[in-house]
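Taking the form predicted alone, here's one chain by itself in structure tokens.
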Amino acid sequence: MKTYMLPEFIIERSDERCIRCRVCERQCAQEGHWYDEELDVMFHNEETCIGCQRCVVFCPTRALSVRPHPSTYRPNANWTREKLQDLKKQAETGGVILTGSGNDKPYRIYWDHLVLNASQVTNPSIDPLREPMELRTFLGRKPDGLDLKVSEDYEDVEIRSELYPNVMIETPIVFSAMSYGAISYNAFKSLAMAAKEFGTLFNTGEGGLPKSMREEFGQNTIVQVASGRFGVDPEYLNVSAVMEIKIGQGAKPGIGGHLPGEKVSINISETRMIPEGTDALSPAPQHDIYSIEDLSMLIYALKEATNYEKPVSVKIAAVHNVAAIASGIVRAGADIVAIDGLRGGTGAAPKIIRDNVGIPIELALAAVDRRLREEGIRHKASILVAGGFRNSGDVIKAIALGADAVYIGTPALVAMGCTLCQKCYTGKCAWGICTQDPYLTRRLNPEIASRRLVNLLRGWSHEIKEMLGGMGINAIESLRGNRDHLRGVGLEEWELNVLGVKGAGE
């Protein structure tokens, strides 16, 4: 059937520069380039181009450029090109429009409307190159207080208080949940390698942890227990650093997940403990959780299975009444509350849900931190937040709003090569990240990708230290939840009230 949709991108090729090396033909996962030997000409098909820029990057003579297609419809503020294209696509397919990556709509990005304090005269700044700066973070429940017994010579100190299991990370940045299946084995392993080298954590997502990786990377792993229970076994739980019960995620709150059968290879089937080639369906609800009491039973079942030696996290999407929900989760026994905002990424989600359901992580975080403090239970759980972090400035502002640490997903993928073409759900990722195609997955070298991820963590951590030093703070713990170091610019009064910050100049 002839499509009525306009091409998304236009491909321009300079015949003067093109040497017919056919690199673009080999690199395009959408079969958008081909060579005619008789004519000695390279051709391309713009209707299949998704704008991943792989051909442009690898063209040795810079003969290619790919840009948004200039053809457009008559301007209409209500019926934008995107709305018309989506409608035409559904008229042709009769299906749900899927998309990957995070929400790209112009909702207010509150990080860009928050500014940080800086030291001046009475509180001198600190030089992180010459003085120690502490980014080390402990995730887990903290005691109500410390009961110490100190010897007369002050040489021996005995802690009498009950201590709960905590996990130490060297930077307040953790790799977010991305499952083996949604991403390739090479991408999955790259995250694990980087987390181990830098002293932080990566999250398995709901696809399990390959047995070949458990011994080496287990202590840097957050293992998820999701509705499908894929890959969950006693060893999986016991090798981990943290166990996370997944209730929801920011890109698709309230709905489940689906890994198509064509992506379930023999290795993925072994890891997920499902038959090869069958769809991996995660129902929206966990059918043993219909109340906070049910959730508490699962939390303590996981603690019992691991001899109460590991913290348990509960991950939820940022939705209305998120503060009350988080309070219930903490009272149910969770050691960590993970909150995923509406800009959280995904491999596949209905576009209409990704773009319209949930609330920004900035507002959710501020509301949760305030509620837990008002109820006197903030110390009983750490707060991990995700959904739209783009740089170290966003991270440090999140910590000032009350987060203990942040999850990053999209920045990690971009560091590995992702260009946010939003076609993850096709399984044809040209960069070898969101695909199970053996030919494509080989494009991602775990040694190189993990090095790029470590560089990202190192760069952000250096910048966080610089900002802390400029604020006259030498430990990240001193900034956590300290909203006096934040001021709002260009925000409405209700937004400032929810965030709990003053306007600039106050």
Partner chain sequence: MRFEINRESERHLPDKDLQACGLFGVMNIEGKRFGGEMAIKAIVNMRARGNGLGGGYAVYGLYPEYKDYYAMHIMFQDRNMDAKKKVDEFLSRNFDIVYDEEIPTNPEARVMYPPLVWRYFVAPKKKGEDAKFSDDDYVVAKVMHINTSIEDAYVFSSGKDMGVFKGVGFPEDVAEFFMLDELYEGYMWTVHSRFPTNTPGWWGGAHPFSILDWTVVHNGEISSYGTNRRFLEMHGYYCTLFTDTEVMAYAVDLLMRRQGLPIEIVSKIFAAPMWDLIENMDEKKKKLYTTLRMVYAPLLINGPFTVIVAHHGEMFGITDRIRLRPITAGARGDLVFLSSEEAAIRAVSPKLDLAWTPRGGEPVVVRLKRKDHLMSLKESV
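Numbering follows the first chain given and starts at 1. None of the values given here were measured: they were computed from a predicted structure.
Omitted here: the form predicted together with its partner chain. The next part is about that form.
With the partner omitted here, the stretch from 137 to 145, 190 to 198, 415 to 423, 331 to 339 that lies within 4.5 Å of its partner chain by heavy atoms in the predicted bound form is 137 to 145. For the candidate set E215, E158, E309, D233, a heavy atom within 4.5 Å of its partner chain in the predicted bound form is found for exactly one residue, namely E158.
Comment: its partner chain is not present in this chain, but in the predicted bound form one of N474, S65, T441, N45 has a heavy atom within 4.5 Å of it, namely N474. Among residues of the shown chain, I316 is not one whose heavy atoms approach its partner chain to within 4.5 Å in the predicted bound form. Not displayed here, its partner chain is kept clear of S291 by more than 4.5 Å at the level of heavy atoms in the predicted bound form.
Using a 4.5 angstroms threshold between heavy atoms, N267 stays clear of its partner chain in the predicted bound form.
Within this chain, G481 lines the site of its partner chain in the predicted bound form, having a heavy atom no more than 4.5 Å away. Highlighted residues K303, I448 and L457: none comes within 4.5 Å of its partner chain in the predicted bound form, counting any heavy atom. Residues are counted as partner-facing when one of their heavy atoms sits within 4.5 Å of its partner chain in the predicted bound form; in 388 to 426 not one qualifies.
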